[in-house]
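The chain below stands alone, shown as C-alpha coordinates; this is the form predicted on its own.
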(Lines give C-alpha, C1' and ligand atoms only; values in the text may rest on other atoms or scores of the structure.)
Protein backbone atom coordinates (compact mmCIF):
# COMPACT_ATOMS: atom_id res chain seq x y z
CA UNK A 1 0.00 0.00 0.00
CA UNK A 2 1.47 3.34 -1.06
CA UNK A 3 1.70 6.46 1.07
CA UNK A 4 -0.71 8.22 -1.27
CA UNK A 5 -3.30 5.47 -0.77
CA UNK A 6 -2.93 5.74 3.00
CA UNK A 7 -3.24 9.53 2.80
CA UNK A 8 -6.41 9.21 0.69
CA UNK A 9 -7.90 6.76 3.20
CA UNK A 10 -7.09 9.05 6.13
CA UNK A 11 -8.62 11.99 4.28
CA UNK A 12 -11.82 10.05 3.62
CA UNK A 13 -12.01 8.86 7.22
CA UNK A 14 -11.57 12.47 8.33
CA UNK A 15 -14.53 13.49 6.18
CA UNK A 16 -16.59 10.93 8.07
CA UNK A 17 -15.14 11.47 11.55
CA UNK A 18 -15.25 15.28 11.78
CA UNK A 19 -18.98 15.67 10.99
CA UNK A 20 -19.76 12.71 13.26
CA UNK A 21 -17.89 14.42 16.10
CA UNK A 22 -19.69 17.69 15.31
CA UNK A 23 -23.05 15.88 15.47
CA UNK A 24 -22.21 14.39 18.87
CA UNK A 25 -20.99 17.77 20.17
CA UNK A 26 -24.03 19.54 18.69
CA UNK A 27 -22.04 21.82 16.40
CA UNK A 28 -24.11 22.12 13.20
CA UNK A 29 -21.89 24.93 11.86
CA UNK A 30 -18.94 22.52 11.64
CA UNK A 31 -21.09 20.12 9.63
CA UNK A 32 -22.08 22.97 7.29
CA UNK A 33 -18.41 23.88 6.93
CA UNK A 34 -17.58 20.27 6.05
CA UNK A 35 -20.46 20.24 3.55
CA UNK A 36 -19.00 23.31 1.85
CA UNK A 37 -15.61 21.58 1.61
CA UNK A 38 -17.17 18.43 0.10
CA UNK A 39 -19.13 20.39 -2.51
CA UNK A 40 -16.09 22.45 -3.50
CA UNK A 41 -14.13 19.19 -3.73
CA UNK A 42 -16.80 17.86 -6.09
CA UNK A 43 -16.48 20.95 -8.32
CA UNK A 44 -12.68 20.62 -8.28
CA UNK A 45 -12.96 16.90 -9.09
CA UNK A 46 -14.87 17.91 -12.22
CA UNK A 47 -12.15 20.36 -13.26
CA UNK A 48 -9.48 17.76 -12.41
CA UNK A 49 -10.76 15.52 -15.21
CA UNK A 50 -10.30 18.28 -17.79
CA UNK A 51 -7.11 19.73 -16.29
CA UNK A 52 -5.40 16.76 -14.67
CA UNK A 53 -6.12 14.12 -17.30
CA UNK A 54 -6.89 16.18 -20.39
CA UNK A 55 -4.47 19.06 -19.79
CA UNK A 56 -7.20 21.66 -20.43
CA UNK A 57 -6.54 24.83 -18.42
CA UNK A 58 -10.05 26.27 -18.20
CA UNK A 59 -10.54 29.65 -16.55
CA UNK A 60 -14.28 29.58 -17.16
CA UNK A 61 -15.34 26.48 -15.25
CA UNK A 62 -17.52 28.59 -12.99
CA UNK A 63 -19.92 28.70 -15.97
CA UNK A 64 -20.95 25.12 -15.27
CA UNK A 65 -21.03 25.69 -11.52
CA UNK A 66 -23.31 28.69 -12.03
CA UNK A 67 -25.53 26.83 -14.48
CA UNK A 68 -26.03 24.07 -11.92
CA UNK A 69 -26.82 26.65 -9.26
CA UNK A 70 -29.31 28.54 -11.42
CA UNK A 71 -30.95 25.29 -12.59
CA UNK A 72 -31.63 24.52 -8.95
CA UNK A 73 -32.67 28.11 -8.16
CA UNK A 74 -35.07 28.49 -11.07
CA UNK A 75 -36.77 25.11 -10.57
CA UNK A 76 -37.10 25.62 -6.80
CA UNK A 77 -38.26 29.23 -7.24
CA UNK A 78 -41.17 28.22 -9.46
CA UNK A 79 -42.02 25.34 -7.13
CA UNK A 80 -42.16 27.56 -4.05
CA UNK A 81 -44.07 30.34 -5.84
CA UNK A 82 -46.50 27.88 -7.49
CA UNK A 83 -45.90 29.39 -10.93
CA UNK A 84 -45.13 27.58 -14.17
CA UNK A 85 -41.83 28.12 -15.94
CA UNK A 86 -43.48 27.84 -19.34
CA UNK A 87 -47.12 27.81 -20.46
CA UNK A 88 -46.73 27.17 -24.17
CA UNK A 89 -46.55 24.84 -26.07
CA UNK A 90 -46.85 22.79 -22.86
CA UNK A 91 -46.75 23.56 -19.17
CA UNK A 92 -43.40 23.14 -17.40
CA UNK A 93 -43.53 23.55 -13.65
CA UNK A 94 -40.81 23.90 -11.05
CA UNK A 95 -39.81 21.15 -8.66
CA UNK A 96 -38.17 20.67 -5.27
CA UNK A 97 -37.22 17.04 -5.99
CA UNK A 98 -33.40 16.84 -5.85
CA UNK A 99 -32.85 13.99 -8.37
CA UNK A 100 -34.82 15.89 -11.03
CA UNK A 101 -32.94 19.11 -10.24
CA UNK A 102 -29.60 17.30 -10.48
CA UNK A 103 -30.59 15.73 -13.80
CA UNK A 104 -31.56 19.11 -15.26
CA UNK A 105 -28.39 20.76 -13.88
CA UNK A 106 -26.18 18.02 -15.36
CA UNK A 107 -27.91 18.00 -18.74
CA UNK A 108 -27.83 21.78 -19.18
CA UNK A 109 -24.24 22.05 -17.92
CA UNK A 110 -23.20 19.21 -20.24
CA UNK A 111 -24.90 20.85 -23.24
CA UNK A 112 -23.25 24.22 -22.55
CA UNK A 113 -19.89 22.48 -22.00
CA UNK A 114 -20.28 20.77 -25.38
CA UNK A 115 -20.93 24.10 -27.14
CA UNK A 116 -18.10 25.90 -25.32
CA UNK A 117 -15.77 22.95 -25.90
CA UNK A 118 -16.44 22.81 -29.65
CA UNK A 119 -15.55 26.49 -29.97
CA UNK A 120 -12.71 26.64 -27.44
CA UNK A 121 -10.88 23.50 -28.55
CA UNK A 122 -10.21 25.11 -31.92
CA UNK A 123 -7.42 26.84 -30.03
CA UNK A 124 -4.74 25.81 -27.55
CA UNK A 125 -2.62 27.31 -24.79
CA UNK A 126 -3.30 30.89 -23.76
CA UNK A 127 -5.99 31.28 -26.42
CA UNK A 128 -7.98 28.41 -24.93
CA UNK A 129 -7.68 29.98 -21.48
CA UNK A 130 -8.89 33.35 -22.76
CA UNK A 131 -11.86 31.89 -24.67
CA UNK A 132 -13.08 29.99 -21.61
CA UNK A 133 -12.61 33.16 -19.56
CA UNK A 134 -14.64 35.12 -22.12
CA UNK A 135 -17.51 32.62 -21.92
CA UNK A 136 -17.44 32.90 -18.15
CA UNK A 137 -17.78 36.68 -18.33
CA UNK A 138 -20.61 36.40 -20.86
CA UNK A 139 -22.63 34.19 -18.55
CA UNK A 140 -21.80 36.39 -15.56
CA UNK A 141 -23.16 39.55 -17.19
CA UNK A 142 -26.16 37.66 -18.54
CA UNK A 143 -27.01 36.58 -14.98
CA UNK A 144 -26.53 40.16 -13.75
CA UNK A 145 -29.05 41.41 -16.32
CA UNK A 146 -31.54 38.54 -15.77
CA UNK A 147 -33.98 40.55 -13.67
CA UNK A 148 -36.63 37.79 -13.72
CA UNK A 149 -34.40 35.80 -11.37
CA UNK A 150 -32.95 38.50 -9.16
CA UNK A 151 -30.38 40.04 -11.47
CA UNK A 152 -27.34 41.34 -9.63
CA UNK A 153 -28.97 40.75 -6.22
CA UNK A 154 -29.39 37.03 -6.78
CA UNK A 155 -32.31 34.90 -5.67
CA UNK A 156 -33.18 33.26 -2.34
CA UNK A 157 -34.75 29.83 -1.97
CA UNK A 158 -36.62 29.56 1.30
CA UNK A 159 -36.87 25.79 1.72
CA UNK A 160 -34.19 23.19 0.96
CA UNK A 161 -35.17 20.72 -1.74
CA UNK A 162 -36.28 17.16 -1.03
CA UNK A 163 -34.60 13.79 -1.37
CA UNK A 164 -36.53 10.52 -0.83
CA UNK A 165 -36.11 9.10 2.67
CA UNK A 166 -34.01 11.99 4.00
CA UNK A 167 -34.63 15.14 5.98
CA UNK A 168 -32.36 17.42 3.98
CA UNK A 169 -32.83 20.25 6.49
CA UNK A 170 -30.84 18.15 8.98
CA UNK A 171 -27.21 19.21 8.35
CA UNK A 172 -25.74 15.73 8.86
CA UNK A 173 -28.18 14.12 6.40
CA UNK A 174 -27.53 16.69 3.70
CA UNK A 175 -23.80 16.29 4.33
CA UNK A 176 -24.07 12.52 3.95
CA UNK A 177 -25.84 13.00 0.63
CA UNK A 178 -23.10 15.33 -0.65
CA UNK A 179 -20.31 13.03 0.57
CA UNK A 180 -21.93 10.05 -1.14
CA UNK A 181 -22.03 11.93 -4.45
CA UNK A 182 -18.37 12.92 -4.03
CA UNK A 183 -17.33 9.31 -3.40
CA UNK A 184 -19.29 8.17 -6.48
CA UNK A 185 -17.53 10.79 -8.62
CA UNK A 186 -14.11 9.80 -7.23
CA UNK A 187 -14.80 6.13 -8.00
CA UNK A 188 -15.93 7.14 -11.50
CA UNK A 189 -12.76 9.23 -11.98
CA UNK A 190 -10.54 6.35 -10.84
CA UNK A 191 -12.18 3.98 -13.32
CA UNK A 192 -12.09 6.61 -16.06
CA UNK A 193 -8.33 7.10 -15.65
CA UNK A 194 -7.68 3.36 -16.07
CA UNK A 195 -10.12 2.88 -18.96
CA UNK A 196 -9.02 2.88 -22.62
CA UNK A 197 -10.60 6.34 -22.94
CA UNK A 198 -8.66 7.66 -19.95
CA UNK A 199 -5.37 6.25 -21.26
CA UNK A 200 -6.03 7.76 -24.70
CA UNK A 201 -6.95 11.09 -23.11
CA UNK A 202 -3.73 11.08 -21.11
CA UNK A 203 -1.84 10.40 -24.33
CA UNK A 204 -3.72 13.27 -26.02
CA UNK A 205 -2.43 15.56 -23.29
CA UNK A 206 1.18 14.41 -23.64
CA UNK A 207 1.75 13.34 -27.26
CA UNK A 208 -1.29 14.18 -29.45
CA UNK A 209 0.67 13.47 -32.66
CA UNK A 210 0.91 9.79 -31.75
CA UNK A 211 -2.86 9.55 -31.39
CA UNK A 212 -3.28 11.00 -34.86
CA UNK A 213 -0.91 8.34 -36.13
CA UNK A 214 -3.13 5.53 -34.81
CA UNK A 215 -6.35 7.12 -36.06
CA UNK A 216 -7.65 8.69 -32.84
CA UNK A 217 -8.78 12.31 -32.75
CA UNK A 218 -7.29 14.06 -29.68
CA UNK A 219 -9.69 17.00 -29.98
CA UNK A 220 -12.71 14.70 -29.72
CA UNK A 221 -11.24 13.00 -26.67
CA UNK A 222 -10.65 16.36 -24.99
CA UNK A 223 -14.18 17.48 -25.90
CA UNK A 224 -15.69 14.43 -24.19
CA UNK A 225 -13.52 15.06 -21.12
CA UNK A 226 -14.57 18.71 -21.10
CA UNK A 227 -18.25 17.75 -21.21
CA UNK A 228 -17.86 15.18 -18.40
CA UNK A 229 -16.00 17.81 -16.39
CA UNK A 230 -18.79 20.33 -16.97
CA UNK A 231 -21.49 17.86 -15.91
CA UNK A 232 -19.77 17.10 -12.59
CA UNK A 233 -19.13 20.79 -11.88
CA UNK A 234 -22.77 21.56 -12.70
CA UNK A 235 -23.90 18.98 -10.15
CA UNK A 236 -21.65 20.65 -7.56
CA UNK A 237 -23.25 24.01 -8.39
CA UNK A 238 -26.73 22.64 -7.74
CA UNK A 239 -25.62 21.26 -4.36
CA UNK A 240 -23.88 24.52 -3.45
CA UNK A 241 -27.03 26.50 -4.21
CA UNK A 242 -29.05 24.07 -2.09
CA UNK A 243 -26.57 24.41 0.77
CA UNK A 244 -26.83 28.21 0.80
CA UNK A 245 -30.42 28.34 -0.47
CA UNK A 246 -29.25 31.24 -2.59
CA UNK A 247 -27.94 31.79 -6.13
CA UNK A 248 -26.25 34.88 -7.55
CA UNK A 249 -24.14 35.91 -10.56
CA UNK A 250 -20.97 35.51 -8.48
CA UNK A 251 -21.28 31.77 -9.12
CA UNK A 252 -20.25 32.59 -12.72
CA UNK A 253 -17.38 34.92 -11.84
CA UNK A 254 -13.83 34.39 -13.12
CA UNK A 255 -12.66 34.71 -9.52
CA UNK A 256 -14.61 31.59 -8.65
CA UNK A 257 -13.16 29.79 -11.70
CA UNK A 258 -9.73 30.67 -10.35
CA UNK A 259 -10.73 29.43 -6.91
CA UNK A 260 -11.69 26.02 -8.29
CA UNK A 261 -8.36 25.83 -10.11
CA UNK A 262 -6.52 26.76 -6.90
CA UNK A 263 -8.18 23.80 -5.16
CA UNK A 264 -6.89 21.42 -7.83
CA UNK A 265 -3.36 22.86 -7.85
CA UNK A 266 -3.20 23.00 -4.06
CA UNK A 267 -4.27 19.38 -3.64
CA UNK A 268 -2.41 17.99 -6.65
CA UNK A 269 -3.23 18.22 -10.35
CA UNK A 270 -4.30 14.82 -11.70
CA UNK A 271 -4.24 13.18 -8.26
CA UNK A 272 -7.44 11.31 -7.45
CA UNK A 273 -7.89 12.90 -4.00
CA UNK A 274 -6.10 16.12 -4.94
CA UNK A 275 -9.35 18.11 -5.20
CA UNK A 276 -10.44 16.81 -1.79
CA UNK A 277 -7.15 17.74 -0.13
CA UNK A 278 -7.24 21.15 -1.78
CA UNK A 279 -10.85 21.88 -0.80
CA UNK A 280 -10.36 20.78 2.82
CA UNK A 281 -7.21 22.91 3.12
CA UNK A 282 -8.89 25.92 1.50
CA UNK A 283 -11.99 25.79 3.71
CA UNK A 284 -9.87 25.26 6.84
CA UNK A 285 -7.70 28.28 5.98
CA UNK A 286 -10.78 30.34 5.17
CA UNK A 287 -12.37 29.47 8.49
CA UNK A 288 -9.42 29.73 10.87
CA UNK A 289 -7.37 32.49 9.23
CA UNK A 290 -10.48 34.36 8.09
CA UNK A 291 -11.42 34.73 11.74
CA UNK A 292 -8.08 36.41 12.42
CA UNK A 293 -7.82 38.76 9.46
CA UNK A 294 -9.76 39.72 6.36
CA UNK A 295 -6.49 39.48 4.40
CA UNK A 296 -6.19 35.72 4.90
CA UNK A 297 -5.78 35.27 1.13
CA UNK A 298 -2.20 36.50 1.57
CA UNK A 299 -1.39 33.32 3.51
CA UNK A 300 -3.22 31.22 0.93
CA UNK A 301 -1.12 32.85 -1.78
CA UNK A 302 2.08 32.07 0.11
CA UNK A 303 1.07 28.42 0.54
CA UNK A 304 0.10 28.17 -3.14
CA UNK A 305 3.43 29.71 -4.16
CA UNK A 306 5.30 27.19 -2.01
CA UNK A 307 3.31 24.32 -3.55
CA UNK A 308 4.02 25.48 -7.10
CA UNK A 309 7.73 25.96 -6.42
CA UNK A 310 8.54 23.05 -4.13
CA UNK A 311 5.68 20.53 -4.31
CA UNK A 312 4.58 20.25 -7.92
CA UNK A 313 2.31 17.34 -7.03
CA UNK A 314 0.44 19.48 -4.51
CA UNK A 315 -0.29 18.38 -0.97
CA UNK A 316 -1.00 14.83 -2.12
CA UNK A 317 2.24 14.67 -4.10
CA UNK A 318 4.16 16.02 -1.13
CA UNK A 319 2.82 13.20 1.05
CA UNK A 320 3.45 10.60 -1.66
CA UNK A 321 7.08 11.68 -1.93
CA UNK A 322 9.06 9.95 -4.70
CA UNK A 323 6.41 7.35 -5.42
CA UNK A 324 5.25 6.96 -8.99
CA UNK A 325 3.25 9.93 -10.18
CA UNK A 326 -0.28 9.81 -11.48
CA UNK A 327 1.02 9.86 -15.06
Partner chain sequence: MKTLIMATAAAALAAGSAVADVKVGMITTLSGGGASLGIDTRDGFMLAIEAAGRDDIEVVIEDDQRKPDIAVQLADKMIQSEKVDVLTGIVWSNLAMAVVPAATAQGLFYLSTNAAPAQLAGKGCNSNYFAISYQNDNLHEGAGAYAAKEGFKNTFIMAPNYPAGHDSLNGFKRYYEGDLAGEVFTKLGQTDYAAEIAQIRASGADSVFFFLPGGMGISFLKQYADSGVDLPVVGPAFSFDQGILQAVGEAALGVKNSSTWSKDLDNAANAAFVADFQQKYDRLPSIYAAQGFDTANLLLSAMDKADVNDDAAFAEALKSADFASVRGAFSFAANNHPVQNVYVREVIKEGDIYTNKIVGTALESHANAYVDECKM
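Positions refer to the first chain, counted from 1. Since we're looking at a predicted model, the values are computed, not measured.
This protein has a second form, the form predicted together with the partner chain, left out of what is shown; the following refers to that one.
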(request) Please state whether every one of the three residues 145, 151 and 287 places a non-hydrogen atom within 4.5 angstroms of the partner chain in the model of the complex. (result) yes
(request) Find the only residue in 246, 188, 163, 197 having a heavy atom within 4.5 Å of the partner chain in the model of the complex. (result) 246
(request) Answer yes if any heavy atom of residue 156 is within 4.5 Å of a heavy atom of the partner chain in the model of the complex; otherwise answer no. (result) yes
(request) Answer with yes or no whether residue 33 is in contact with the partner chain in the model of the complex, where contact means some heavy atom within 4.5 Å. (result) yes
(message) Is it the case that residue 141, even though its partner is missing from this view, gets within 4.5 Å of the partner chain in the model of the complex, heavy atoms only?
(response) yes
(message) Residue-level contact is defined here as any heavy atom of the residue lying within 4.5 Å of the partner chain in the model of the complex; does residue 240 satisfy this criterion?
(response) yes
(request) Counting only non-hydrogen atoms, choose the one of 248-256, 188-196, 231-239, 98-106 that falls within 4.5 Å of the partner chain in the model of the complex. (result) 248-256
(request) Give, in sequence order, every residue of 274-313 that has a heavy atom within 4.5 Å of the partner chain in the model of the complex, or say none if there are no such residues. (result) 286, 287, 294, 296, 297
